[in-house]
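Only one chain comes next, encoded as structure tokens, the form predicted alone.
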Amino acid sequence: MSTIELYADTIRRSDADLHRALDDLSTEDLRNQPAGEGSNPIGWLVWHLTRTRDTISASIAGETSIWESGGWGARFGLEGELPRFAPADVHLFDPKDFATLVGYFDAVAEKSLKIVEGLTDADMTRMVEPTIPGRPAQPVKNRLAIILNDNIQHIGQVSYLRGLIRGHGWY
């Protein structure tokens, strides 16, 4: 199995874990902050990991993000310059509804997987400009590692929060 195949398989598995963790959650569940204002609700975590994956994947491919090309900003009511949500402000993010949040995730997951599957081993060392101003350029392999780490970390958090909100384990 190549590095790219391993990466694609791992990201598919984490995506499936996210879908299981989100299964049957309500919009209120997505907004719930179990530890009070300032704690990350499930909807915020899913949006954040999706937005990170979207911007990094687009930068690797040299394309526009799904957020921009698919009109997702308007769907979330966040047109124009995206706010940088500080920890105290995460409660201001509104996932709108389950279909909007998961629709954005699914669109990004599909596109990013196609981007990854189109890469070669030689692409792994190609430098990519940062998505956050002031940060250094990094090789594709480092940018992909950020996506994978973000996915796994935040999907674990989503699964844990689901248990807190619904009163039972992972899923």
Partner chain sequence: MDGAAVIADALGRINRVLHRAMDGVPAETLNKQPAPGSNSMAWLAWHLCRVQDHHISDLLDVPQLWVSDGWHEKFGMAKDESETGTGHTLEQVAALKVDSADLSLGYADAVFERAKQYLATVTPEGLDAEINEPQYTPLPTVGVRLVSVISDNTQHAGQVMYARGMVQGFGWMNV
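Keep in mind the model is a prediction, meaning the values are calculated, not measured. Positions refer to the first chain, counted from 1.
If you look for the form predicted in complex with the partner chain, you will not find it shown, but the lines that follow are about it.
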{"item": "Residue 145 within 4.5 Å of the partner chain in the predicted complex, heavy atoms", "value": "yes"}
{"item": "Exercise: residue 23 in contact with the partner chain in the predicted complex, heavy atom 4.5 Å", "value": "no"}
{"item": "Contact of residue 137 with the partner chain in the predicted complex (heavy atom, 4.5 Å)", "value": "no"}
{"item": "Residue 39 within 4.5 Å of the partner chain in the predicted complex, heavy atoms", "value": "yes"}
{"item": "Stretch in contact in the predicted complex with the partner chain, which is absent here, among 129-137, 23-31, 54-62, 39-47 (heavy atoms within 4.5 Å)", "value": "39-47"}
{"item": "In the predicted complex, residues of 1-26 near the partner chain [heavy atom within 4.5 Å]", "value": "1, 3, 6, 7, 9, 10, 13, 14, 17"}
